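Before any questions on how it binds or moves, here is one chain, the form predicted alone, in structure tokens.
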Amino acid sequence: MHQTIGVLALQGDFEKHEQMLHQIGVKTIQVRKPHALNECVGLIIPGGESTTLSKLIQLYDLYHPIQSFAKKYVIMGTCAGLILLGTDIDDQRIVPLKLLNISISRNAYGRQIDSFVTYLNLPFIDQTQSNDPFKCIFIRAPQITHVESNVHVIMTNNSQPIMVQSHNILGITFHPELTDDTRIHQFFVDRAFVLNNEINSR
């Protein structure tokens, strides 16, 4: 299998994620049908409209294939993608994938006009490489309201979780793809390739 990262391309800003991955020399594939997952060693579920994404995942029969994919490979969800990865969502129109044992309040930060930017350190990045703050862009962002013990909070803003990880599943409330900083995407890709190499060496 080639070391290709899939980007769910049903709706939302999937092209921005592809651009970030291409910047770091990673091959991508747009995932719209289940068979495309066979080409991937990792998957990004982008931001967008979470209720629409949920409906399209059902429509294109991707719900169970994504859950199966998550048993072996790395998945990263940003903003709406994080909402879909969660377990308990405060919107019954959304059928969550239940891959991250967290509770989420959709659009907790308000409307589009309430979007904001803040600069935060990345504690999970090797600081010998770069210790520059990361530009975190929050647009109609969800809020993680509860985290179970098997989920690790790896980044916070004002004591509020904004980036969490459970083994191979990574959830982010903001939009790293809207910056010129590839460090979060590189972190995700490195993890994806390590897991894939572990699988192939068994």
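Since this is a predicted model, take the numbers as computed values, not measurements. Numbers for residues come from their place in the sequence shown, where the first is 1.
Keep in mind that the form predicted in complex with glutamine is missing from the display, and what follows is about it.
- Taking the partner from the other structure, glutamine in the model of the complex has no heavy atom within 4.5 Å of any heavy atom of G171.
- In the model of the complex, glutamine sits within 4.5 Å of a heavy atom belonging to E49.
- Proximity of I83 to glutamine in the model of the complex falls within the 4.5 Å heavy atom cutoff.
- Contact annotation for C79: at least one heavy atom lies within 4.5 Å of glutamine in the model of the complex.
- Checking I29, I139, V151, I162 for any heavy atom within 4.5 Å of glutamine in the model of the complex turns up a single hit: I139.
- With the partner left out here, glutamine still marks one of 62-70, 163-171, 143-151, 41-49 in the model of the complex; by a 4.5 Å heavy atom cut-off that stretch is 41-49.
- For the partner-free chain shown, just H175 of 151-179 comes within 4.5 angstroms of glutamine in the model of the complex, judged by any non-hydrogen atom.
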